[in-house]
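Coming up is one lone chain in structure tokens, specifically the form predicted alone.
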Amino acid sequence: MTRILAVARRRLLHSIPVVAIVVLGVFALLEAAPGDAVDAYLVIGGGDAEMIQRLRQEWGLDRSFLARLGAYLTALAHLDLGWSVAFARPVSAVLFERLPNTLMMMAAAICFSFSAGTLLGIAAGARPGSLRDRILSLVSLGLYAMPSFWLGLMLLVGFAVKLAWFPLGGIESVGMGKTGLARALDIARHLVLPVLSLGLIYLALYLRLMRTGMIEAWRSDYIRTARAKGLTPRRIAFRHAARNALLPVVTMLGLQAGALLSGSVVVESVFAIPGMGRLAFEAVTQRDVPLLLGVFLISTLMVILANLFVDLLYARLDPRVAAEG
């Protein structure tokens, strides 16, 4: 346990320069992009030259790049993410209002894709070349080839429009006044299609990785030793082969955390879910730099924490990682 905590401490220390690079890089890129929040505001409401100058002074857009960067870093050091000009609210309030929706969807998608993909990969790799293996491999290849937005639209048309089994969009029913368990079940019902559209593609990836790992594990010496001891095929598959085959899948889980977060932008737009992905899209269209910086910062922290969890899980599965530190 002490060695695992040492791994966690080292990973957190390494993440500090990563956060600094992301903040500085994203700020520089956004400042270099053409247009600002005033230009986006004028497209909607219009205004004269005096109004444009006044808005740029109020929003701090008339200062130099270094002045704006220094002001932002100073505020960030005091845990102040700034003011959203698009929502006329503090950035932190807007972010923490949308963050739970994205976390629920991502957590459900990761749990579904990882658990189902791992179990199906074990089933496919337990008997390579069998009919079950061929069917699962073909289905996984088809799922992995589908774009997430197309899969989301097909699920929406089939199960929400045609069959009316699930809601068309949103995170919960508006104006129903549900509380407690009834509200939780309502939110879960709204998340079924978004989670499927986001998780099925990664399920196919984990299935193929687990299948490949299982096939490699069957050729190992320790599997032949387990067979010589008279262990049942089921016990060998789950207690010996699966644990070692799981290591590449866990590694890919950490690498896919960022891709899963970026994929939520499309899925949240398709299903009209008020989450971080949709918030990033709204911030881009309205040139809301402080809000977009806050979205990137929170997203970076989420990816770092996801990779930290994967590192600890990897150290738990493979004691050599914790021993080497």
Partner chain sequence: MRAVLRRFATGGGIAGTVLFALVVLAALLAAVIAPGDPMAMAGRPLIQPFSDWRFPLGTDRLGRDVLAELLHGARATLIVSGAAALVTLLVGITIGTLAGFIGGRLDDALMRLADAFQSVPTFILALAFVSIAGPSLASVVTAVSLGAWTAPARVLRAEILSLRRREFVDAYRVLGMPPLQIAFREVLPNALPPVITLAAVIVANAILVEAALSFLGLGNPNSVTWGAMIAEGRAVIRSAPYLSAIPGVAVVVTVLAVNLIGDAANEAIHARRVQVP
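Everything numeric here is computed off the predicted structure, so don't read it as measured data. Residue numbers count along the first chain shown, from 1. Note that the rigid core is defined as the largest set of C-alphas that superpose within 1.5 Å between two forms.
As for the form predicted together with its partner chain, it is not shown, yet the points below apply to it.
No member of the trio Ala123, Gly169 and Leu308 reaches its partner chain in the predicted bound form with any non-hydrogen atom inside 4.5 Å.
Using a 4.5 angstroms threshold between heavy atoms, Arg208 counts as touching its partner chain in the predicted bound form. Taking the partner from the other structure, its partner chain in the predicted bound form has no heavy atom within 4.5 Å of any heavy atom of Phe87.
Of the heavy atoms in Lys162, some are within 4.5 Å of its partner chain in the predicted bound form. At least one heavy atom of Arg219 is located within 4.5 Å of its partner chain in the predicted bound form. Between 245-253, 143-151, 180-188, 104-112, the stretch whose residues reach within 4.5 angstroms of its partner chain in the predicted bound form through a non-hydrogen atom is 143-151. Taking the rigid core as fixed, one finds a CA shift for Leu279 smaller than 2 Å between the shown form and the other one.
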